[in-house]
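Only one chain is given next, in structure tokens, and it is the form predicted alone.
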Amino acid sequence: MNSLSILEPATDESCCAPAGTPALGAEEAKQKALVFKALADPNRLRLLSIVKAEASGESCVCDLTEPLGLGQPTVSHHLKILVDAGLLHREKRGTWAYYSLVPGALEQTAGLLASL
């Protein structure tokens, strides 16, 4: 009967040094992933584009349903995701909510990959 020898762990320290702490921490990775997830939907990209293109710098949710061809609850859901990701600001005025870009959010988003 053949016996298998037991392998001992390598003791040569020059082989593989521990990587140390990750360059991207868990919380930072979670926040970046939240932004990337928000941008991964074509309707949310269109919403950002519409809000950005508005001359007043803000858009009422009531004006965002028709261009997308989606119902108000669906548009509101997409807008909430963009707000949670830190890309849009929401201001409630009476019955309606108005959305504007968070200052510097698009520039910061553009730098996310470069900062990895």
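Fair warning: this is a prediction, and the values are worked out from it, not measured in the lab. Sequential numbering from 1, following the sequence displayed.
Here the subject shifts to the form predicted together with another copy of the chain, a form of this protein not shown in this document.
- By the criterion of a heavy atom within 4.5 Å, Pro42 is counted among the residues contacting another copy of the chain in the predicted complex.
- The closest non-hydrogen atom of Glu66 lies within 4.5 Å of another copy of the chain in the predicted complex.
- Within 4.5 Å of any heavy atom of another copy of the chain in the predicted complex lies no heavy atom of Ile6.
- Heavy atoms of His78 never reach within 4.5 Å of another copy of the chain in the predicted complex, leaving it off the interface.
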